[in-house]
Structures are given as structure tokens and as C-alpha cells.
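Below you'll find only one chain, the form predicted on its own, shown as C-alpha cells.
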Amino acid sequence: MSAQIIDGKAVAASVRGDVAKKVAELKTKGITPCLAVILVGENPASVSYVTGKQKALAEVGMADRSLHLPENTSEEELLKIIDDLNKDDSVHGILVQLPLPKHIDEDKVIMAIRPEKDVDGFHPVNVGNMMIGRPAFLPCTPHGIIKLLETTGIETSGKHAVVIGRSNIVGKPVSILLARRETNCTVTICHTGTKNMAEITRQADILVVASGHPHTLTGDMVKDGAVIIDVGVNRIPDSSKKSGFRLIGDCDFDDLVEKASFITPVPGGVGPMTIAMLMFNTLESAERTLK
């Protein structure tokens, strides 16, 4: 048996296509959805992510109010910029690219963004609303994972989902979304304190791996036919590549592709979905202004 590869690029393109149609409709009503992405410093991965977001904004026809600030920007200056964007009715979404330079408090910055413009879904108000099932901006990567499962037609109701990782960005929120009535999974979270992890992962029908370490999940840790969603992005030195590195996930893909029923590749799996769901959230924010 060889797993069916879940094509995140294709699903993300479909989401962006739907968003572009709705953006065009909103423009006829005098509203142009607008996202402000703020990047502080020159972190190469962050620069790459922001470039990807800007390309997506152009593709779906949204206004781009991105700001690239120097590394030595003070916390006070950044908070002032966020405050100005909060007050600007033409801006529907604000996203500050993480990580921030060490002299800036990330929590303070996340708290400064108004919840109704927090299209990343990181503000405690949005997290709390997601938790209790009220309308909220869902965090983009976890939301993208749910969308991949839905679009691929994978049955989730009553299934045992195991999430490896408990970060605020992926592990915790995706656990909540998997357990919601709409998805209806029974969820177990594994982390660095978990003993006998392989015993737990072998029970899983669906595995979401967001540990941040290559080869966290190997073939001997899963049962035949499991669905594997690999969230990891790790740079591995590779002299055969022009960049000098290649990207791999948190799963041992070659080992698992023979056992799983479905698996996401890295790159080209979960990654494209994150930006697509960011466009989706920004559109939703703009649509709310009509109401």
C-alpha cells in the first residue's frame, strides 16, 4: 500500500480562487479587503513568509499595507504603528510576523491588535471564542489542517486523532478544532512529557505532527491506514541544492508513505494552506464591516 499524497498546493489554490471571487464582489460594494503585515528585522524565514503573503494578497486582489521595519525598531514604536492601524477603518487585518527581535515582548504585541483585526487568530479573545465555539478568527495553520481533511473527504467523526506538540500556534488550537462537534474526533495530545509515545500514536486514525523536530514520527509508530498531517518545516543541509539546504517535515516521509492511507508532503502540504486561510480570515473581516 502506498499513501495518497494530500496536495496542499491544489487545495490552497482553490481556497484563494474562492476568496478572489468574493473580493471582486466586495469591491463592487466599495470595500477593498486590506491586510497589513508587519515585519521587524531580517530573519530569512520571516522575510520568505512575508513575501509569500504579499504574493497571495496580489493574487486575490486585496490591498497590501505591509511594513518592513528595521531590527532596532523599539517596542513603543511598533505598538504605536499597531494602534494607528487599529484605528484605520480601511485596514481589515493586522498581522505581526513572529518571531520578533528579543527586545520586543511578543505577548504585548499580540494583545495590542484589536481582536476584530487579529486575522492570525492569536489574540486571547479569539482563542477563547474558538474554545467555546463562538464566532472567531481561527488560527490559520490549524484551520488549514481541518480544511485539508474536509476537502480530501477524510472521515473524522468518531476517529481517534493524536496531536504531537502543544504549541499555542498549532498543537493546542488544532486539538480544539479536531474535538469540535463539526469534526467530532476523540483527541489525545502528546508532548515532551509523554511516556511511551509510540503506544499512543499506534492507536491513532489521524496524526497531526507539529513537534518542530525531524523524524519525530517513524513507520513503526503508526498503524496501517493512518492519516498523517505533517506540520513541520525543518531545514537540512543539502549540497546538491542551490540554496544549500532542503526542507523536510517532522515525519519520516519515506518510511510512512508505505503505511499511511493519506499523508501531506513537505513542502507542498500544510504550508500553502496557512497563507490561504489568512486570505480567508482577512476576507471575513472585510465582510463583517458590511454587517
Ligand code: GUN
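From a predicted model like this one, the values you see are computed outputs, not experimental measurements. All residue numbers refer to positions in the sequence shown, first residue = 1.
Just so it is clear, the following notes concern the form predicted together with the ligand, a form of the same protein that is not shown.
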property: Contact assignment for the ligand in the predicted complex, among Leu78, Ile169, Ile176, Met197, heavy atom within 4.5 Å; result: Ile169
property: Of Leu138, Ala204, Leu95, Leu148, the one that lies within 4.5 Å of the ligand in the predicted complex (heavy atoms); result: Leu95
property: Contact of Asn281 with the ligand in the predicted complex (heavy atom, 4.5 Å); result: no
property: Lys259: touches the ligand in the predicted complex, heavy atom cutoff 4.5 angstroms; result: no
property: Contact of Lys53 with the ligand in the predicted complex (heavy atom, 4.5 Å); result: yes
property: Proximity to the ligand in the predicted complex (heavy atom, within 4.5 Å), stretch among 179 to 187, 118 to 126, 67 to 75, 214 to 222; result: 118 to 126
property: Any residue of 171 to 197 that, in the predicted complex, places a heavy atom within 4.5 Å of the ligand; result: none
